[in-house]
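Consider the single chain below, provided in structure tokens and representing the form predicted alone.
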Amino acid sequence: MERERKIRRIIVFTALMILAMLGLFAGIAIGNVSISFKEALLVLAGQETGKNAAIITDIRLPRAIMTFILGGGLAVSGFLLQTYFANPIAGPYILGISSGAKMAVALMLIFIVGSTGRTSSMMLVMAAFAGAVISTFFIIMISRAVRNMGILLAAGIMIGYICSAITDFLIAFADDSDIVNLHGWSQGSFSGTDMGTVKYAAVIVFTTFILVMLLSKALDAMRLGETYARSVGVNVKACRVLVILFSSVLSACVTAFAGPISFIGIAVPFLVRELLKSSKPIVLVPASFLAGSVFCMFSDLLARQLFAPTELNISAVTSLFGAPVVIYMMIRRRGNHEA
């Protein structure tokens, strides 16, 4: 049995790494401007210059790397929330956390950037983090008052609607220039990404990822119950705070740099659990990161190319593939409860 698990893990991780590399290269080589795979390789090797080289290094490469980083971060954020609430349907988009981050960024773009003209990647992340934490705080308060997960999910959706309504009110009274910026950002897109923002995102996401991996032993104990976790020396209260903190940082980073992106944080961790037949965080966290990266990269590629030169909202693509997974999860969960 253990040997079968090891073989399964090797196969899944190998497949995910191959798909991740293919996704990165596809994002670099495929676009509205036709560039051969050979030429793309020469550009990446530094042996080609000119217009096509500029397109790859200034536009496509940063975007491909950003989809890899943020897709993985969003999947890990979803995994942490599912672990915290002990429910596979919990996720930053469904629980209204992404909407809270979106509202905070909208406030900053209108009242700070709109009046001063100054902005930075860190300001966006801090605003999104504040909004994510506020939304998460309300979700935690509700989860302590009610034990029914259906009610909790409904409350999360309502919080998301409230935050979206506030954002819409802000847009209604914003200047035209602010509305254009907000509309483009709120649709969820990786367009306009540059290497400067990639560096910020990489530092935040990979630092948080390492901290989550260090927390994996405590998370493994937590999934067996709080009593067991305390018996093996885990500080349950501190662990829960860290889970919420790390999840908020990751979802805030994604929202700040790419806007709200749906279903990756819910569907990917579930699919990874099904593939690996495991509940161990030490295995699921890196697998979720890779799978989230793959899902996000190919979704972004479809969003760019499906109706090129018109670019789709990336959430439209992630919803198209992610929503059926969530529906299946809900049906399967209901079936298990009835059984």
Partner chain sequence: MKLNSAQAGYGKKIVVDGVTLKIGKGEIITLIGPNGGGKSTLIKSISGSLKLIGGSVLIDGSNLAKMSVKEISRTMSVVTTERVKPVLMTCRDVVMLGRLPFTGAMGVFGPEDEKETAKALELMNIGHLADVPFSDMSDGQKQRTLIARAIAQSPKYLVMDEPTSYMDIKHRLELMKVIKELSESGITIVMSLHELELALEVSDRLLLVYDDGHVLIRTPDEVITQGLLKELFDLDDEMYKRVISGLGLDKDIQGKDKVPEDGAVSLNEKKHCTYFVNRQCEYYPCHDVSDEKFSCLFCYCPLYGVKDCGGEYFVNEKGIKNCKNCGFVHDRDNYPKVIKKLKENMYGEGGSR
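Please read these numbers as outputs of a predicted model, since none were measured by experiment. Positions refer to the first chain, counted from 1.
Although not depicted, the form predicted together with the partner chain is the subject of the following passage.
*Asks:* Would you check whether the partner chain, in the model of the complex, lies within 4.5 angstroms of a non-hydrogen atom from each of D220, L224 and N235?
*Replies:* Checking in the model of the complex: D220, L224 and N235 are all within 4.5 Å of the partner chain.
*Asks:* Would L41 sit within 4.5 Å of the partner chain in the model of the complex, counting heavy atoms only?
*Replies:* Contact check for L41: no, nothing within 4.5 Å of the partner chain in the model of the complex.
*Asks:* Counting only non-hydrogen atoms and a 4.5 angstroms cut-off, does R8 reach the partner chain in the model of the complex?
*Replies:* It does not: once the partner chain is placed as it appears in the model of the complex, R8 has no heavy atom within 4.5 Å of it.
*Asks:* I'd like to know if T197 sits close to the partner chain in the model of the complex, meaning any non-hydrogen atom pair within 4.5 angstroms.
*Replies:* Contact check for T197: no, nothing within 4.5 Å of the partner chain in the model of the complex.
*Asks:* According to a 4.5 angstroms non-hydrogen atom cut-off, is K51 in contact with the partner chain in the model of the complex?
*Replies:* Heavy-atom contact with the partner chain at 4.5 Å: absent for K51.
*Asks:* Among 54-62, 273-281, 300-308, 32-40, which stretch has residues with heavy atoms no more than 4.5 Å from the partner chain in the model of the complex?
*Replies:* The contacting stretch here is 273-281.
*Asks:* Quick one: of L214, A165, I112, V241, which gets a non-hydrogen atom within 4.5 angstroms of the partner chain in the model of the complex?
*Replies:* Selected residue: L214.
*Asks:* Go through F206, Y228, Y161, F169 and name the one with a heavy atom inside 4.5 Å of the partner chain in the model of the complex.
*Replies:* Looking at the other structure, the residue within range turns out to be Y228.
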